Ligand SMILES: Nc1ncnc2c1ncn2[C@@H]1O[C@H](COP(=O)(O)OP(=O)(O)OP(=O)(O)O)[C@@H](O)[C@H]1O
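In structure tokens, the next block holds one chain alone, the form predicted alone.
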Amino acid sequence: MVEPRDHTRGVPDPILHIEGLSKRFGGVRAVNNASFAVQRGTLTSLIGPNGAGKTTLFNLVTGFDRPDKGRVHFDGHNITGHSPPEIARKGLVRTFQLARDLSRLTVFENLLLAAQHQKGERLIVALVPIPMWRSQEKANSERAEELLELFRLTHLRNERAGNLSGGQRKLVDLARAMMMRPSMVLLDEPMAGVNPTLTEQLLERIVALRDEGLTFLLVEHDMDVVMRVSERVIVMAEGRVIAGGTPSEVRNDPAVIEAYLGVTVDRED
């Protein structure tokens, strides 16, 4: 069995630092002493065979599950055990394998609902409109319109989300995440079930946002995509982090070959 390794070193400006994270469900150890860091302003991919623990790790980082042990630091804050809304307010948001839009609302309404710190949600402010609330409402609408254009969704502005294709819903999911003005986004298999045209459109948007300084941690099974867009790749197997490095380093790592192919490769001393 491959021993867990600490892949937090060698990251000069980490925005996310995961240290000794573990989670057990009954007799299954889904995440086992995982440690790694993600550098600010990069696109890092998290890969591994099915059942490696990738989605569970996402759930632990974003507060949907509580770790049995270990710590998660984001942008200098210890967010271990915080709730998903608390973590999102700090600038760390995520998408899901299955897009979680509100199917009866329009695409535009889905984006508006994701805006942070909406004063109109407070009863007393909602009953007595004030210029500040109206100004924020206008700013949120303008932001939503900008994102519709950025993700090429303007033509679907008034379409109910439930009527969209799977790929279109993935685009809405990411656009909605961007409404929260995050500094980091965790993407859980954003290309799954998406046709090639929309895959390229989604990738184009992700890379452009990365180039503007946004940080991404991406779970993805398409190795061509991973190797093409990632600065760094983290590999999990059986709940453990077994490798980390540049795409070329990971591709040739004996532990990765063994985890994916079941073939033992002699290691150089």
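Here the structure is a predicted model, which is why all the values come from computation and not from measurement. Residue numbers run from 1 along the displayed sequence.
Quick note: we don't show the form predicted in complex with the named molecule, though the next part is all about it.
In the predicted bound form, the named molecule sits within 4.5 Å of a heavy atom of T55. In the predicted bound form, the named molecule lies within 4.5 Å of some heavy atom of V28. Among residues of the shown chain, E189 is one whose heavy atoms approach the named molecule to within 4.5 Å in the predicted bound form. Although the partner is absent here, G213 is not a contact residue: none of its heavy atoms lies within 4.5 angstroms of the named molecule in the predicted bound form. None of 201 to 209, 47 to 55, 222 to 230, 33 to 41 except one has non-hydrogen atoms within 4.5 angstroms of the named molecule in the predicted bound form; the exception is 47 to 55. Distance criterion of 4.5 Å from any heavy atom to the named molecule in the predicted bound form singles out Q97 from the list N140, S183, T106, Q97.
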